[in-house]
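The data below hold one chain only, encoded as structure tokens and taken in the form predicted on its own.
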Amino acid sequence: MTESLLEQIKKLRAEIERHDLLYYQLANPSISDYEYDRLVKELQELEARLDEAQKQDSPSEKVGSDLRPGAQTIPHLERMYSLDNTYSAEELQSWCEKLAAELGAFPQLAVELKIDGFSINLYYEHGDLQYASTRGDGLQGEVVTPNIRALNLVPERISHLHPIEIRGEIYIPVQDFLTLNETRAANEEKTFANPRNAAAGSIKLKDRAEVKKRHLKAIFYALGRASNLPVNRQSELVKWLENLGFPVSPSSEICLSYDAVQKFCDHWETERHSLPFEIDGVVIKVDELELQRRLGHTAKSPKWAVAYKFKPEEKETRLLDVQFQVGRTGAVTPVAILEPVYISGSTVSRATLHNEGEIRRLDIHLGDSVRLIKSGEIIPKILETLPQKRPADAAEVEFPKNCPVCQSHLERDLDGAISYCPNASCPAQLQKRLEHFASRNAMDIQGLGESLVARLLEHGYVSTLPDIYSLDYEKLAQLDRFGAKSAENLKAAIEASKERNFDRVLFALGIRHVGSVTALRLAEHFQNVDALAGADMEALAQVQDVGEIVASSLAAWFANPANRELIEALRAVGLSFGQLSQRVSTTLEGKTFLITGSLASASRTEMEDRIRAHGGRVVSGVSAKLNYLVVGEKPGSKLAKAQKTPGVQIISEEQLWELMES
């Protein structure tokens, strides 16, 4: 055995364990199920050359755990396993043939839809529901009884009086998921990547009222510990559960041959989006319960069942146009306008093309047919164009040399990847700067969004940032579809924005390369705008997260007399240019925190503010002195490092809220 093989296995195990944490504990995967299963299969192939002792504690031999640090747990009376997966007809046929060879004949198989949800275990005793728990690590689960009861998904009492564990999936219907994401987006909250993540994140919420709003549903199909059953087959079990009052799958079938199994799989791979909920495959089980017991389990999975998983969707659609958007800093971003196509749970009509290099790589022409996926089942991405289907007169998409709005000649940034409009008076930049200034992570002026900013500019009511604070609300009230109440609400939001701390104001100014985290570092270090404006390059470089690029940008911005005048104008209308302490409690006193990834309920800056307000300290890197790593969506390399650092607790955003409220 070579050292390189062991090193490959070590790296692959670490990568899989990182994805397990993201998927099971944090409901925040960064890759698709298909990509994850390919990693596990690659690991299994490498580990086939190891002896059994060397395979122990490998993620290929364990059920992924959804247990969160500090959560209330309870042991399962009978272990909860995960299913082995197949992704091709050949793999499924091989599984069926091996099963038939072991049993001496092709068995009766029950095939069911594989709900893309979150596993749940219910325990009844004397007919009464005692508790509900998640799968956890397979041996014990996290208690979620209050939320299950609040949802009214299952009967509180059943006619079967013997102890029994009943198992199934919690899910959120597709339309409710889309509505939930639309609501969250409208409230400027982080949207969920897919329905499974929404269900997993929702079932553990502390707020019962919020849990009820999520419209969670359930489907039940299996048992754990059970006795005195009146059924002998899986197909009979599902009907019995339905008679007891549990929701079950609307479609299942008994198959007596591999061809019948594959026919069922092929049908639902085509028709899956006709269902009101997401499925990611089909589960094939030996129907006879006694045969299931005889076949038994591996360390991780039952030998009598397998999941036929659908591959990630790829759709072909047509490129209608490419629009070049100008952001608040002048960055020009190409966006593909697509013929709308439904893929992986939502309709997609736009996809970012990132920069000129991506346009050249794809060799994009207007009217091209393109292959589209959702990268990681999250972000729409054009994989490739299909030149063989290109119209004869298709025009090549060219990146503009001049700003598409003000026609100023575009400039490139330092690494040459992004093109910028240098005109600070560009109308597109003004629109975006106003939107950014009013955004949630900046001045948080509710109601002053894209549409209203555009109308204010159209009517000439604003032309600079300070104009926001001298609006004529009587005129605003006369705008179509606005009215006196809306004007009154906007006035209240604008007045409230005057209470924002200096770091928020600094971020709101939209200085290039100064994000919310850097703005906070600068505000804490210099305490007020005058000290910051007077700092030289050397003084700026003393601030954490401020390198040469940020320092140069700050120096250039403050050297511009127009920007100095802007600060004075904003100061005159009452904005704060001094950093104030916002301590509210000592619940996090003496604890250190670090955030990686995007959060759902607040920006990273806002959450760090809250940590400090409760007495905690925010650090910049993972070390033995770090107490908590808070993991959001798409975490960076800090997660892998924290997993290897003794004493660091890895927690979700919800758990951070619980710590602050304790």
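Owing to the predicted nature of the structure, the values given are computational and were not obtained by experimental measurement. From 1 onward, residues are counted along the sequence shown.
In what follows, reference is made to the form predicted together with adenosine monophosphate (AMP), a form of this protein that is not presented.
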Only one of 348-356, 282-290, 332-340, 262-270 has residues with a heavy atom within 4.5 Å of adenosine monophosphate (AMP) in the model of the complex, and that stretch is 282-290
Just to confirm, with a 4.5 Å cut-off on non-hydrogen atoms, which of 493, 113, 487, 74 contacts adenosine monophosphate (AMP) in the model of the complex?
113
Considering non-hydrogen atoms and a 4.5 Å limit, which listed residue (309, 433, 374, 504) is close to adenosine monophosphate (AMP) in the model of the complex?
309
Given that the partner is absent here, does residue 119 sit within 4.5 Å of adenosine monophosphate (AMP) in the model of the complex, heavy atoms only?
yes
Residue-level contact is defined here as any heavy atom of the residue lying within 4.5 Å of adenosine monophosphate (AMP) in the model of the complex; does residue 82 satisfy this criterion?
yes
Would residue 169 sit within 4.5 Å of adenosine monophosphate (AMP) in the model of the complex, counting heavy atoms only?
yes
Can you tell me whether residue 221 touches adenosine monophosphate (AMP)? I mean in the model of the complex, with a 4.5 angstroms heavy atom cut-off.
yes
Between 120-146 and adenosine monophosphate (AMP) in the model of the complex, list the residues on our side with a heavy atom within 4.5 Å.
135
